[in-house]
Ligand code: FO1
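Next up: just one chain, as structure tokens, the form predicted alone.
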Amino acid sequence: MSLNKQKITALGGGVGASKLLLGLYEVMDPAVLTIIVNTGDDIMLHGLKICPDLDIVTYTLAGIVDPAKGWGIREDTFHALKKLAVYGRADWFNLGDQDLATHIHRSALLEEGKTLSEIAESIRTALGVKTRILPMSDNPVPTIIESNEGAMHFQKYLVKRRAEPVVVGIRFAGVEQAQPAPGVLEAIREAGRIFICPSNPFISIGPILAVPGVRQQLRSRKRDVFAVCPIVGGKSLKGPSDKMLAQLGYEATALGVAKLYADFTGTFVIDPVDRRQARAIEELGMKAAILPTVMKTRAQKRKLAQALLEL
């Protein structure tokens, strides 16, 4: 089977993941790509179900994402949010006017009894996305940050408090009772290769791994799992990964992330900047692959995606 025709499954969430996913979407047959998306970031605001990672991925592949921010809809306005603030409602979480249509639609369908995975399918189809996008679970599994200021929802930590509180622990509320969304375990089992996107290991990949059955399924496919490191030269490419690694007692390095993934990853992909860590990574029982992982341009996204398919 040709490389661009074999089934590929990717796990991720956030802006870092969306960059690699766009590259994959453009260099392979998008119909054989399945994306399993973190939903620990989901939050209820203004009576609406907000799913930031699902929306970032869907908007990116639909070609409507705001390229400057990497989230939201291009050239969106914020009139509704300003009016909500007039009524005394929280306005710390940016919701554009077009973006609100997605959240209203999703919330109405949930009220009608549809599942999150059914809704994700309807939204990606309506926006012309050819790739299957699965939430990690249809059950709510909010990521709770335990901090030096007490427990708070991940969005309050990241957006409202700008990742200033010190993280002392992370939990995924209700994950023990959660079920993988329909198709999630099958997508891992049936894929020719599985990619772990360069996402925050604790709050983008961590919630997916915590859903019962997912980590075990990945372990059974270890040889075909390729993880792209989100840390380059000791720094996050996006978000607070480096800060969280250090605060939780891990090395803020490629090797530090590799240790978190060693039980289920066959090949760990690092940037040339971190090539000196390759031997230590391989001593964990993984292959170390060295590829340029910084994706600032569309060409770089496509180049990394193609290189991953050819590894």
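This structure is a prediction, so every number in the text was calculated from the model and none was measured. Residue positions are given as counts along the sequence shown, with the first one as 1.
Unshown form predicted in complex with this ligand; subsequent notes refer to it.
J.: Even though the partner isn't displayed, in the predicted complex is residue 127 close enough to this ligand, meaning a heavy atom within 4.5 Å?
T.: Heavy-atom contact with this ligand at 4.5 Å: absent for residue 127.
J.: Indicate whether this ligand has at least one heavy atom within 4.5 Å of a heavy atom of residue 281 in the predicted complex.
T.: Contact check for residue 281: no, nothing within 4.5 Å of this ligand in the predicted complex.
J.: Heavy atom to heavy atom, is residue 256 within 4.5 Å of this ligand in the predicted complex?
T.: Residue-level check for residue 256: no, no contact with this ligand.
J.: Consider residue 226 of the chain shown here, and say whether it contacts this ligand in the predicted complex, taking contact as heavy atoms within 4.5 Å.
T.: Contact check for residue 226: no, nothing within 4.5 Å of this ligand in the predicted complex.
J.: Heavy atom within 4.5 Å of this ligand in the predicted complex: which of 15, 288, 295, 22?
T.: Contact with this ligand in the predicted complex is made by 15 alone.
J.: Exactly one residue in 104, 185, 144, 159 has a non-hydrogen atom within 4.5 Å of this ligand in the predicted complex; which is it?
T.: Here the answer is residue option 159.
J.: Please name which of the stretches 93 to 101, 208 to 216, 166 to 174, 109 to 117 has residues with heavy atoms lying within 4.5 Å of this ligand in the predicted complex.
T.: One stretch meets the cut-off, namely 93 to 101.
J.: In the predicted complex, which residues of 133 to 157 put a heavy atom within 4.5 Å of this ligand?
T.: The stretch touches the partner through 154, 155.
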